[in-house]
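Next comes just one chain, in structure tokens: the form predicted alone.
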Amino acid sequence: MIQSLRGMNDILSEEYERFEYFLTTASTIAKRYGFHYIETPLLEETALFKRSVGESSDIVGKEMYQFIDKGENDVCLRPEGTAGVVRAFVQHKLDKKGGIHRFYYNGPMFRYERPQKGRLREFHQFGVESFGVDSVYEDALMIMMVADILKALGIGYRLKLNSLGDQNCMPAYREQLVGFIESCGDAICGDCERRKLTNPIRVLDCKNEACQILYINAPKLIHHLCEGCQSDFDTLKTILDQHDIAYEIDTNLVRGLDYYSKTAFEFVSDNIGSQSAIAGGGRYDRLIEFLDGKPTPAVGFALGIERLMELIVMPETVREGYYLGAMDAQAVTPILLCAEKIRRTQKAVVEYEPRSLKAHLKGADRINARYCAVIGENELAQNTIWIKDLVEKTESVIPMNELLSLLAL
């Protein structure tokens, strides 16, 4: 028997209901904030992620599904969503048009890593990207949107904040940090040795416990911010305070991607084990320029849907729509006619196979329908339909033309 690949799961039954509920909730909130949907390809040139995510990242260095296609192109399945949206932004010359562009997206991402709870090789993200707003108020907007989504889903969280500085304060800090890393000698892991040469700040995010102990006394960028970055960070904290959004400063929060600068944030849950991050994002003002676009300020976030699934508080289910069943083979045609009318305004599920009334009532329960409507031999002879309201527990037999007239209104 052929089975799904390791770390690539099917979404079925109750999981699909949670998945769909999440997408509906998150999309509705994103639209309220003035964002609109964008879709980008699953397959992109590998160079896109090397230039954006960064070759120092574990994603590019270890985890991408990369291959040479039949046209001799070096391609990969997208490991994250931001780079593809930025590529589309530049390719369609939106950077040249100026103005503000706000997008949201959702879909599968792919990373070849060790599968574990809440972390799969094919996973799904919901993301939001904003281009053209050079204001920390847009950073705050992102955080407030994530908070609204999690609140709507009934998910508790802790918010972590940091500032990664910019080209004005990062170079001097980078020099200090490299000096500290070198002072650790051979005690650092191989990954940190590599990061020291490519993107030193990433060592602060190392998962090796021995390295984490070493870096307790490492210089922190938040203590070396230039005046502009410090002012933005102070303003961000003030905005969050005004909106009663609690946060904690995490000086080791650097995010897993090389393109972030200034604001970095992460929402974590204490209810999903060690992999506690459920959403994260920040500002990436130079990424558009890195991908050959006109310099454009940008900020965004992404939520890992699989990590949220078991945390979502589903709303109380409400019976809705019709279940329609035939008790006689000749009843299928009028049942289909009724279903066609009903679907103009609400759900209508048809059971074509003639069954007993008891079986049809079970079928209506199975799909959580409010009404069970059946046509049997007697109803066929009298051109009527039997309907039971499964909420009010009432039943009636009404003329078919009367039902069709009501449905047409």
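Sequential numbering from 1, following the sequence displayed. These numbers come from a predicted model, not from an experiment.
The form predicted together with a small molecule is left out here; the points below concern that form.
Q: Taking 4.5 angstroms as the heavy atom distance cut-off, pick the stretch from 209 to 217, 298 to 306, 143 to 151, 318 to 326 that is near the small molecule in the model of the complex.
A: Within 4.5 Å of the partner lies stretch 298 to 306.
Q: Using heavy atoms and a 4.5 Å limit, would one call residue 184 a contact residue for the small molecule in the model of the complex?
A: Contact check for residue 184: no, nothing within 4.5 Å of the small molecule in the model of the complex.
Q: Answer for residue 285 alone: is it within 4.5 Å of the small molecule in the model of the complex, judged on heavy atom distances?
A: No, no contact at 4.5 Å.
Q: Any of the heavy atoms of residue 162 lying within 4.5 Å of the small molecule in the model of the complex?
A: No, residue 162 is distant from the partner.
Q: Although the partner isn't part of this model, could you tell me whether residue 139 comes within 4.5 Å of the small molecule in the model of the complex, counting any heavy atom of the residue?
A: Close contact is absent here: in the model of the complex, residue 139 is far from the small molecule, nothing within 4.5 Å, heavy atoms only.
Q: Consider the chain as shown here, without its partner, and state which of 233, 105, 89, 173 has a heavy atom within 4.5 Å of the small molecule in the model of the complex.
A: Filtering the options by heavy-atom distance leaves 105.
Q: Would you mind picking the one in 250, 205, 113, 166 that has a heavy atom within 4.5 Å of the small molecule in the model of the complex?
A: Partner contact (heavy atom, 4.5 Å) among the options: 113.
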